[in-house]
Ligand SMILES: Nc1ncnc2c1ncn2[C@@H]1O[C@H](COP(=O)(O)OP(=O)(O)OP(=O)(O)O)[C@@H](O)[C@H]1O
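Shown next as structure tokens: one chain only, the form predicted alone.
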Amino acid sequence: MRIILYTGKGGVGKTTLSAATALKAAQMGYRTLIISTDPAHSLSDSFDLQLSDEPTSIRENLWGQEINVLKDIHKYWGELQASLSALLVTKGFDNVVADELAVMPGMEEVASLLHVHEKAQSGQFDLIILDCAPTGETIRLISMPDIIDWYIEKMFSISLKGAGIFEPVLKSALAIPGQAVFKAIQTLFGGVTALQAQLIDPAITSIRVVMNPEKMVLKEALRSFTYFSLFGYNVDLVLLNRIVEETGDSELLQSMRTVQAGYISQAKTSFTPVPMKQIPLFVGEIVGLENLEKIAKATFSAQEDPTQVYFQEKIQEVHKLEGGEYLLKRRFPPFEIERFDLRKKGDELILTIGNVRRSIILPQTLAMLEPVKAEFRNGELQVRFR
């Protein structure tokens, strides 16, 4: 079983590349389901056919689906929402306000995760590809397994491990059959917890970052890469999309190619050792199976298996030390470094080695601190922050 998430800034071509990957995998015999978790679905447009909130057959071995978040929230949270809403009404809240407050923050992302878990456990598919919402929403999506445990533990004074002994408390607090509440919470916890185990297993789940060679896109891609690493998720491939290769006599294309060259170089140095693919800019709209096959051929070689794990190593970690200091560890390809320059600019750590410059986007915790010591040790950059 494989789960692959395609993410990136809005408009970089995530849907097209996820659809092309799904098509290639299906052609190789994998029973493939591609799911859109983006509220602004465009998967139907990409395949040029109407998909629904249940798996829809596209061709042999290939199904597509656009998640109906409202339907899933009702499915996974409806019983608890109703009881919480009733409780809030007794505290003086308006009915509509109570209904809104009873929906747990991030429930849209949680419902999507539970839906993916359900499909992964069905045994009907060998591969599930997620066409994710833009970067910020994807980060919220993958952080939900950690957040939901905290939220429900604080709200109900329970955790999954100890839920059973609190059933009498739930029964009196919510004034509904305790078994119903317990079952709803167990479903919520059980599904998300089980899926999290799959998501952090690099042999099962990979995140693929899609980007264009542009300044803002590169910065966001690096920022997302940092947060994926912090949450323990494996980024196995970076896809540089819409590369200008043929310019002809067009001054515009020649100018674009020159600008892109600089950002391609930066992307290669910043994401190393994660492998990278370059996909050329195609003329016209990429819509329908015939055009998606062209993208698939430009992305993967004839015998290349798109479900393979292209990279499986943790290259960035952050540790909290005694005395309020933090230690950032970032692995580099094996080479000896004697002299280097390091400076911090906002949330960006800029490393210069010779004539090569590399940007490392810092998480917010480190962005508010200053580096006090830096050294290379065993192919690893170690930076202390205070």
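Counting begins at 1, following the sequence as shown. As the structure is a prediction and not an experimental result, all values here were calculated from the model.
The form predicted in complex with this ligand exists for this protein as well; it is not shown, and the discussion that follows is about that form.
| request: May I ask you to check whether V12 falls inside a 4.5 Å heavy atom distance of this ligand in the predicted bound form? | output: Yes, contact at 4.5 Å.
| request: Answer yes if any heavy atom of F282 is within 4.5 Å of a heavy atom of this ligand in the predicted bound form; otherwise answer no. | output: Because a heavy atom of F282 falls inside 4.5 Å of this ligand in the predicted bound form, the answer is yes.
| Should I286 be counted as a contact of this ligand in the predicted bound form, where contact means heavy atoms within 4.5 Å? | Answer yes; at least one heavy atom of I286 falls within 4.5 Å of this ligand in the predicted bound form.
| in the predicted bound form, L80 touching this ligand (heavy atom, 4.5 Å) | Flag for L80 set to no.
| request: Would you mind picking the one in S206, N241, Q260, S270 that has a heavy atom within 4.5 Å of this ligand in the predicted bound form? | output: That would be N241.
| Heavy atom within 4.5 Å of this ligand in the predicted bound form - residue from V192, L127, I295, V235 | If I apply the 4.5 Å criterion carefully, the residue I get is I295.
| field | Interface segment, criterion being heavy atoms within 4.5 Å of this ligand in the predicted bound form, picked from 241 to 249, 84 to 92, 116 to 124, 302 to 310 | value | It is 241 to 249 that comes within 4.5 Å of the partner.
| Are all three of T16, D38 and P134 close to this ligand in the predicted bound form, meaning a heavy atom of each within 4.5 Å? | Yes, the whole trio is in contact, each within 4.5 Å by some heavy atom.
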